[in-house]
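Structure 1 and structure 2 below are the same protein chain in two forms, each given by itself as structure tokens.
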Structure 1
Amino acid sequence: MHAKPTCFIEQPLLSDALQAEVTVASEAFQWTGSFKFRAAYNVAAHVPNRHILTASSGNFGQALAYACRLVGKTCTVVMPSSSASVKIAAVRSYGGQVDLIDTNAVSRAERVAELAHAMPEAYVASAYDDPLVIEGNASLGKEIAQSGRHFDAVIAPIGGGGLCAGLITGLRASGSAIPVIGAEPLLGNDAARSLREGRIVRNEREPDTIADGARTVSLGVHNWAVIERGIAAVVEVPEDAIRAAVRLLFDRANVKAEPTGALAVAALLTAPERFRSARVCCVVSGGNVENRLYASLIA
């Protein structure tokens, strides 16, 4: 089993609205609906452990559950009780065990540590901070580099940094020097602050952003090693721009994106002067979003 090729979408109406030459690389059609399958399958296929333990707001959890099913393994996914119900249901439908927590009472990391103590045979997989995760996500960077398209920049969501680190790794391995720009919720702007200070800076708590896939406390250590020297910039995106980007992708490109997946387009809305007339690849990282929330965003 391999990841599906990403779907490149070029829509003049979207480019006109954003005043840039925009190509969308949509991972919404990937197995389990997001780029996370690339990383999850790479983890499940390469670790020797029969059980894998992780924490996830949803996309990595369901990707890991499906990947484990494919390779005959099992997994437990620690998830915030505030996670989208569609994502919780998906993890269970793929055969994953779900452990719901109140993140105001206990952090994901603390709960994973408790379960790891009780299950010493399990491999503890980070949803973003793992060399196998970076390696899996690098496949998307390689596809972009080998697509025959010429870009001035690749823009992608950034939370824990696994996607951006993978894109940088894959692009460079393919001999491409295309700049990678991260798009981060302003409410959880630890990546931007980390770049400014030259060290990993942590959020005090999981940020309360609509982009649930970017509700991370900090960049991963493995990812920072790549991002610190390899990322061109990080655009800090306000919540209104995220909502507008979800709607714009639906209206102008017929693309369904979850809020985290719309961050790259939201970056263009936030800093239009930076990207005006540029040839940009906007990575839509996934399309897993509850119907009610999505309906309210595109209404």
Structure 2
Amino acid sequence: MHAKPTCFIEQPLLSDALQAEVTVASEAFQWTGSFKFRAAYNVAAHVPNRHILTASSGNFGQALAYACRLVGKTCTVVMPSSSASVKIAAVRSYGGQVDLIDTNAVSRAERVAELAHAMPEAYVASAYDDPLVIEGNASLGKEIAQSGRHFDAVIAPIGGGGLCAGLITGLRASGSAIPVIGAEPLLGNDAARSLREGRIVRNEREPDTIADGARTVSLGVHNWAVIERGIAAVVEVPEDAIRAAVRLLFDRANVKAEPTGALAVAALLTAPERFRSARVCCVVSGGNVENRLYASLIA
């Protein structure tokens, strides 16, 4: 069992609103509801270890738990005890072991190191910085290249950079030169600054953006190697545009996007002149969002 093909969505009302020819590539229907399954499955299927260890309060944990179940492996997911109970329950329902920590007492990295020491046979998986992650996400780039659609640009969220690095890798492997553009929360614009400075720049802390999938401190080093040469640009997106994009996708295209998933459409709202009348593929990276937050965004 591999990744599900992405779901391409076009609606004239969405394109009208964005003044561009927009195709959404929604990963909200990917196994476990986000593109993270592509990487998680690639990791679970290809490392020799029978047990995998990771830290994730978000989509990677769920994706890894389900991927491990599919390939007959086990995993431990370190999560803050303050995580939403629905997310903890999801990891468990896929068969993952949850290790809850009090982040005031111990950092996630410290706890992963502790567990790795106790389980030397386990593979420690990064949610975004691993060649296997890039390779897994490259499958989406290949699907876009082989979709029979013609795009002037592919826009995707950028946090740790695993998705953009995968898209660039997959598109180029399929012979496509379509520019890939990252959509990054302005509140955590380390990728944009990294490109400007020509080196990995780190945020001082996890940025407090509504796009929780992009609350990363910096790009991964494997991703940076691909992105530095391969990305066309990064659009820095204000929080208001993220909120507006979630609602626009709901109103105009019946797409449920989590805030991180709406970043690409938010980039169109942020820089409309750049994309006017262009044929744009907006990657919606996932749809997993708390009900209360979502209700407030669409109301």
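Since this is a predicted model, take the numbers as computed values, not measurements. Superpose the two forms; the largest set of C-alphas matching within 1.5 Å is the rigid core. Each residue is numbered by where it sits in the sequence of structure 1, with counting from 1.
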Between the pair I just shared, point out the form predicted together with another copy of the chain. 2
So, does K142 move by 2 Å or more at the CA between the two structures, with the core held fixed? no
For S174, is the CA shift between the two structures at least 2 Å following rigid-core superposition? no
For V78, decide whether the Cα shift between the two structures is 2 Å or greater, given a superposition on the rigid core. yes
Keeping the rigid core fixed, work out how far the Cα of A89 travels between the two structures, to one decimal in Å. 2.4
